[in-house]
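In the form predicted on its own, a lone chain appears below as structure tokens.
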């Protein structure tokens, strides 16, 4: 994903019908995180994640789509919720039709491996049998231990697809919960990573004007984004520094009021306090949001309140809102484009 980010338009849509788009993405959000996963998918690919693909199995209303399509193939190594990007080679309604179409491709690869993902398919043929059949249709030698190319099969009762893996998520946020200082109100690292992806690319500069114990700063730095954090509470800022050191990441860290930050950044992430703390500092929080939109073109803001009216009153474009349930609480991630 080289080059600069083009700011998304409000209500950004895919450029073609999903069935015509050549890349399939396998999504892996945990329960309650699909809306944020859909926003991250849109930010990375420029296409909307669908409510459901026609062939994507959903057993009940609590299930979420596990696949989405886009016209571009991108590196998802830094993604929080996208497990894999696959370039579609052929697809059909049945396994036999897909195998026949594969034979007509005349594929030639050396050192390849085939992975099969089946969803709701009850036929007696096993994944290994499917992989062996496809391997026999490819001109070249397989290598199961150190492949150069990975072919991927997605199968469901209504659709079969063969593709070539473009990139896979590295789940680099795993283990970031383990740190010297942890607050119960802090963002989960996976959520923080998705929010960084909404507003910044590797090489960008990101500001977190109320950085807390540096959850966002750690994720941004690990992803190759240059993070700048402000924290008005000195002991908390010291905890943030300790957490950065623990994860061997670097960030610019200032003890002070984020509303005093001067400069220009590519993106902003704000995790605003909630509960009793939010009542005490509500006006300051809104001022932090307003200031962030003056110093960055894109912002990801999480709060328990729905800020759409406030943001639109500032002239900002709300690109999307994702709800994140936490016990009996619902937090909202607002993806916003600055009016400036």
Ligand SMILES: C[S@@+](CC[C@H](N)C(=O)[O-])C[C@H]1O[C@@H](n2cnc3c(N)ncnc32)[C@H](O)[C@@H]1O
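In this text, all values refer to a predicted model and were calculated from it rather than measured experimentally. Positions refer to the first chain, counted from 1.
The following text describes the form predicted together with this ligand, which does not appear among the structures shown.
Enquirer: When the contact criterion is heavy atoms within 4.5 Å, does residue 256 count as touching this ligand in the predicted complex?
Expert: Looking in the predicted complex, residue contacts with this ligand include residue 256, since a heavy atom lies within 4.5 Å.
Enquirer: Considering only heavy atoms, tell me if residue 233 and this ligand come within 4.5 Å of each other in the predicted complex.
Expert: Heavy-atom contact with this ligand at 4.5 Å: present for residue 233.
Enquirer: Indicate whether this ligand has at least one heavy atom within 4.5 Å of a heavy atom of residue 271 in the predicted complex.
Expert: Judged by the heavy-atom cut-off of 4.5 Å, residue 271 is in contact with this ligand in the predicted complex.
Enquirer: Even though the partner isn't displayed, in the predicted complex is residue 185 close enough to this ligand, meaning a heavy atom within 4.5 Å?
Expert: Yes, contact at 4.5 Å.
Enquirer: Using a 4.5 Å heavy atom cut-off, which stretch among 160-168, 100-108, 72-80, 210-218 contacts this ligand in the predicted complex?
Expert: Only one stretch passes the 4.5 Å heavy-atom test: 210-218.
Enquirer: Heavy atom within 4.5 Å of this ligand in the predicted complex: which of 312, 306, 290, 284?
Expert: None of the other options qualify; the answer is 284.
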